[in-house]
Ligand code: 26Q
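Heads up, the chain below is alone and in the form predicted alone; it's given as structure tokens.
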Amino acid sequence: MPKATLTKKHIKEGVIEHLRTTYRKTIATASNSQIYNAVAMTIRDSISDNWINTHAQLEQDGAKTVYYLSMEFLMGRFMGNAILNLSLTETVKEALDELGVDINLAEESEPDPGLGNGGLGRLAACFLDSLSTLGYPAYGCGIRYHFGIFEQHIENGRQVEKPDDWLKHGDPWGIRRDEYAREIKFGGRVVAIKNDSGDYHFDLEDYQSVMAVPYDYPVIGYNTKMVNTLRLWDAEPLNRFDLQSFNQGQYERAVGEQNLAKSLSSVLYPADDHVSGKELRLRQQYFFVSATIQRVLEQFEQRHGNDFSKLSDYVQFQLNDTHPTLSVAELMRVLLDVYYIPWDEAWEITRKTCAYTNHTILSEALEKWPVEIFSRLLPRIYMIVEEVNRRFCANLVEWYGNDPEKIRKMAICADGLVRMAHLAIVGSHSVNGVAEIHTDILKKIELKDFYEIYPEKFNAKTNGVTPRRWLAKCNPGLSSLITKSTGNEKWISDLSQLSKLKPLASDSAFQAEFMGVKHNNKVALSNYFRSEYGIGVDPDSIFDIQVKRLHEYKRQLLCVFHIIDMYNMLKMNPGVDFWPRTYMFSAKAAASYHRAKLIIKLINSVAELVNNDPAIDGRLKVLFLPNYRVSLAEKLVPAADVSEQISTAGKEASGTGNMKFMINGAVTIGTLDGANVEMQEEVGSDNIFIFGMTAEQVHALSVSGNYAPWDLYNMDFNIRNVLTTLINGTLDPDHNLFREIYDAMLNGYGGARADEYYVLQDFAAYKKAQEQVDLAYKDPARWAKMAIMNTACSGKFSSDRTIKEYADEIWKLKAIKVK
């Protein structure tokens, strides 16, 4: 098995040397953060040869490379994952022990790069890990946000956003590459220029511009010498300071370029409930897309000459959701205006080279940009999009006749908006959903018209997660048990090997070992809560966990309503028999998403009520854990008994949190939504708690317009009691704080229908499913078997499997072996 050349001696010498030369410190005088940086730089030094050799091999082989473009890369901490993939876990620990350094303190000093908000960014990180592990040439391409999305604080139960300054103590993993910097232009006027052959191309005058400077981060494969690259673009001004403007008293203009650059790479997903926020988001998307495409085409020309008809033989752009859709128009711009390729040829090249992953069926998430903003900020790109739209609409007339409504519905530009999903579909050769049910909904409902035209483009690629971080690293106790029980470590790079645990699911001795690991993880999490938050948690209670982005369709509200219902039940019937339950939530709400932030306040108000009521006697506990991030998830996932995956059926594209919990032996309570459907197929209906309406039933009820939440309120005493608790002063002395949620459930609010995500409709079924959870947990042998079967049946949900499908069926990518 190939390993880095690092020995204990090398590690000790490297750490001491980096402390001396970088910080002028010794082991005895250095801070934990400085020691972490020294260890990280030592490890990075050791992989430099493999990183160089990887790219030399790609160039020598002329290997096709995928460029995975994403607004988010939620990588998590780099160091521990690098140590694992380099097979250096024991070596590094022993070396640091001999230096008198606690490796855990060093690892905890590493910040989580706040470069994502949830499943989209974490999926991208898992995919990069699998690409390197499987030997596929790849770049991840995004933005180096200086302050991430935000650091979430909870003050008086409310979310408060503060800058996440993850670069404050340095960035030992990123390597600045000034030689690849590119100018990115915004605004200005489009001018036509006649070239030597008499043809016209277009350029910009009177524009604003910034420099995109790349920082390269290593993506190390497991048990391989391959090191791919995460390339994050940082924005810098071309001219940091305009002295002439300053001397004329035009102080803002003097630093105008600098301010524009700072804003571009400051924050992921700036609030867009105002025009300035919308403009910044559009600038950000064009910024990293343009920088990437300019560099890739320049590199192609250097290696293969100017025959761009061969571009798709060597390059594939994968658009991770609609955010990078400007790739279609930018690739056209560069081909047309820089390399003077005729439109039809450029369009064919673009279509062959781009592929689109759709991650949502929520209409508000399928980005649409106002023409006024789009045309002003990106005038040449807008010209190209309008021409693409003109040609596409002409084809629609040819296919369907002069049907204005059909054309309006499918057009890329209509109703004063530029529809990015439509541009991505028309300009790509592949459109994939991220679960079987999600892809079916795209084909039959949301993108039905496009599927009728382009059936060959549509395909399903069910998401997966990397078993390296989400089992081998985060759950060493279970990893050791699996290795011992299967006889080797092959499962780390072939998760299907976990099926060997199935015959052991009913073995009482193995059940005891498996549940012993789970209990140890729960004790460790309980100790973490005590030290970090000063909260005591009973490790013998059921750990019921819902951690994900806060959105109404994910229905954190349904779980909160159930907690209120249980609280009401205990108050009325203190002697009721149920197993003690600890509910854990963690989630960030978008800064401008008022309702989501109000739900966070509700969770914290319920927690304050329940946790401080002596009548409850600790049988029910509610925790909201602030600032959800990868390192916190790595502590929560191994300790979970119950995984809450309760989105409104048909709204969750796939989910990946559900897979992480499943792999680690948590039992899912969920709807038949996203990948839950395939999880049930793998694990069997006896080992998962499924409830609620199906996606078909949700769609039918939505179309019928016959949903009446007041009928449920009038007929169900439990629902009535829960909703009354929102407005009777139990949770809020002023009675009005949560009235918005009450009204949203029964009457509709802010233009939305009453109970838009069918929380009340599914409440009784969810309550019954939770009663089944309680009953199963009281039978230790039954619960242990269910938990083991979840781990044993999770092999399908490895990102290695997903990436191989992408490589074989979409990218036509071949693995290489680094010599």
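Numbering starts at 1 and follows the sequence shown. Keep in mind the model is a prediction, meaning the values are calculated, not measured.
Just so you know, the form predicted in complex with the named molecule exists too; it's not on screen, but the next bit is about it.
- Under a 4.5 angstroms non-hydrogen atom cutoff, the named molecule in the predicted bound form lacks residue 440 among its neighbouring residues.
- Contact between residue 123 and the named molecule in the predicted bound form is found at the 4.5 Å heavy atom cutoff.
- The named molecule is not drawn, but in the predicted bound form it has no heavy atom within 4.5 Å of residue 477.
- Not displayed here, the named molecule is kept clear of residue 333 by more than 4.5 Å at the level of heavy atoms in the predicted bound form.
- For the residues 670, 76, 119, 142, the 4.5 Å heavy atom test against the named molecule in the predicted bound form is passed only by 119.
- Screening 473, 93, 359, 601 for any heavy atom within 4.5 Å of the named molecule in the predicted bound form leaves a single hit, 359.
- Comment: 651-659 is the region of 526-534, 651-659, 257-265, 501-509 lying near the named molecule in the predicted bound form, near meaning a non-hydrogen atom within 4.5 Å.
- Interface residues of 443-472, taken as those with a heavy atom within 4.5 Å of the named molecule in the predicted bound form (partner not displayed), are limited to 463.
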